[in-house]
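Presented below, as structure tokens, is a lone chain in the form predicted on its own.
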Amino acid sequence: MRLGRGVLTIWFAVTVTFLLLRLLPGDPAQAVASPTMTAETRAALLAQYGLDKPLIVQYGIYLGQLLHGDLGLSFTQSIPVTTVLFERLPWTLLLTVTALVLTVVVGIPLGVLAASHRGRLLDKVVQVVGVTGQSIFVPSVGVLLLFAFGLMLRWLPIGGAYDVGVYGVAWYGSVAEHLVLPALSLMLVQLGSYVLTMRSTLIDALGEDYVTLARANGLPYRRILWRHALRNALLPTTTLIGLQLGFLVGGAVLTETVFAYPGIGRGIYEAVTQLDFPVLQGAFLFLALTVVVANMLTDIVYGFLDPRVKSA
């Protein structure tokens, strides 16, 4: 059942993406045909990419190619879309996984601290930070961090994924330096949701009867907080990770554009400007697959955390 819903979701995303791209202003034929070409050469080139066929026929051909794992050829690079995406995929994975880990590692403890100091100054400060994080826009954060740490202080690189001409151990250090600002940008805009969700659910958990009974039995507050209440409070936060992953990947598109980071997000931006439909379709298919798989994994993890949850 869950797998069927996932397949239906992916089909719907593929169909909507295919149709919306055709509504973009401009002529995609300009990406593959030059004005200086002869009419015969131009017609042959458009036929090669299927741009001379009716929309419904193009859609049918595209679905048929997908079923065979063929995403087509890039209009502008004349290479398979899978090659384009796989070249950029490691950078996007590195960025999103790093941002997600940082968000969870920072957000959950902050939420716990706020809940355990409910009504105090620390709780109010954390709430302000959380609400602020939910209110800011990814590019705005990226530009501010880039200006502060890249241009003014010159502590970190302002773009790219690594320094050219650097090899060996130094290359990994360069990759880490270039990763800091993009990952920090993504973390800051995601952090608020984790902090506020963790705080709210933990406060509810601390008000449950089993917590009152544990206190009456003389168990230390720290043990009750971290070993009993926190486990139940993690359930909604685990769900949030799956739900927010879509926003995280979407934010990566904007972040990679701001920092000229060579991931799939940057590739989407470049493909939009060039009306490179096959690359855009492949990239959005990847995003849809990521969200669907993430939600399925979230359901599985949720079942481990709460055995009462039955798989659909």
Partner chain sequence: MTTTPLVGDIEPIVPAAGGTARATWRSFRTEPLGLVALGVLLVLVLVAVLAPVLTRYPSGYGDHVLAPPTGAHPFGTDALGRDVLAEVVWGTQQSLLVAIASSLIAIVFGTLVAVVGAYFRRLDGIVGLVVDLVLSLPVLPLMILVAALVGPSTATIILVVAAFSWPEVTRLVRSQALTVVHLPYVDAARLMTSNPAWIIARHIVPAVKPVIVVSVVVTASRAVLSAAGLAFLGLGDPSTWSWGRILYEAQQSGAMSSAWWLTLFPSIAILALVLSATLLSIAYNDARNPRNRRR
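Residue numbers count along the first chain shown, from 1. Small disclaimer: the values here were computed from a predicted structure and weren't measured.
A second form of this protein, the form predicted together with its partner chain, is not displayed here; the remarks below concern that form.
Within 4.5 Å of its partner chain in the predicted bound form, a heavy atom is found for none of Leu94, Val97 and Tyr162. By the criterion of a heavy atom within 4.5 Å, Ile300 is excluded from the residues contacting its partner chain in the predicted bound form. In the predicted bound form, none of the heavy atoms of Phe86 sits within 4.5 Å of a heavy atom of its partner chain.
At a distance threshold of 4.5 angstroms between non-hydrogen atoms, Leu8 is in contact with its partner chain in the predicted bound form. Ser135 belongs to the set of residues with a heavy atom inside 4.5 Å of its partner chain in the predicted bound form. This chain lacks the partner; the member of Val125, Ile203, Val131, Leu102 within 4.5 angstroms of its partner chain in the predicted bound form by a non-hydrogen atom is Val131.
Of the listed positions (Ile108, Val211, Leu230, Leu146), a single one reaches within 4.5 angstroms of its partner chain by any non-hydrogen atom in the predicted bound form, namely Leu146. Only one segment in the set 146 to 154, 176 to 184, 163 to 171, 69 to 77 has residues whose heavy atoms sit within 4.5 Å of its partner chain in the predicted bound form; it is 146 to 154. For the partner-free chain shown, Thr257, Val258, Ile268, Tyr269, Val272, Leu275 of 255 to 276 come within 4.5 angstroms of its partner chain in the predicted bound form, judged by any non-hydrogen atom.
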